[in-house]
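Below you will find one chain, with nothing else, as structure tokens; this is the form predicted alone, and questions on how it binds or moves follow later.
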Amino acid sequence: MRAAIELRGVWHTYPGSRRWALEGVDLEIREGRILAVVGPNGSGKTTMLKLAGTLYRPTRGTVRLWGSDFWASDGSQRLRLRRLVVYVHEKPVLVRGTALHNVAYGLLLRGYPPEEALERARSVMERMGVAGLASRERGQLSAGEAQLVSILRAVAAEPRVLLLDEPTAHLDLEKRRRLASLLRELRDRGMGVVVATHDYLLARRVADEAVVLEEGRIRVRGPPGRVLEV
């Protein structure tokens, strides 16, 4: 089966920097699979996710989405492809309003009728066991609750690939368990999921494959049970 997202010979550096954030990365992300990306701070995990999500353009190399060279495509093709992938930042950014409105926000941007968007948002919150947060205003949410709302906003949009950057950073043990269950459910429904994380327990629980990044290079990849023991 063709990869949903392919990084081929990808190098990336930030403006004004003399070092490479990524060096010669080759990676395939597939639908119906969970990939864990682990490594120390500064190893390039966030950079790699943002390149896969087309938020950054690589300095060198190619990013393909469903076989199309994203950065060589025209504007309408890029918009169509970009909507198939959602990236969730480690530090949640919520819009003004309730938690329910925030979960529905991505659907509203995609043109869903408000009633349908809110109903889908409620359903996602119920599945995660956090329906009680629905009426809380943005400023009333804890760091963990805000992080969960930002993840559920992405899930509600039903992308074909979901990219999560440190999704358990502010979650307690019970919410981590619920998130792991939700990610496995999404995988089983055919969604591709990439989790960049320091949480090795989450990676072992949910991932089908793992890669270890060090100093911008993939050092090892394979089954989580083997890779995460390295």
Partner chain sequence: MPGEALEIAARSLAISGTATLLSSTWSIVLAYMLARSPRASRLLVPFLEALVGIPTVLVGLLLYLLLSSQGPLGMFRLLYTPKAIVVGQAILITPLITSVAYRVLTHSWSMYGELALALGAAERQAARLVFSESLPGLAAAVVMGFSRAFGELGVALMVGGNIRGYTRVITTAIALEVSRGEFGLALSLGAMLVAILVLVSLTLRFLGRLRER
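Positions refer to the first chain, counted from 1. All of these numbers come straight from a predicted model, not from anything done at the bench.
One more form of this protein, predicted in complex with its partner chain, exists but is not displayed; see below.
Stretch-level contact analysis of 33-41, 176-184, 193-201, 50-58 against its partner chain in the predicted complex, using heavy atoms and a 4.5 Å limit, identifies 50-58. The three residues L79, V93 and G106 all sit with a heavy atom within 4.5 Å of its partner chain in the predicted complex.
Contact with its partner chain in the predicted complex, defined as a heavy atom within 4.5 Å, holds for exactly one of L100, A146, V86, A117, namely V86.
Using a 4.5 Å cutoff between non-hydrogen atoms, R138 counts as a contact of its partner chain in the predicted complex.
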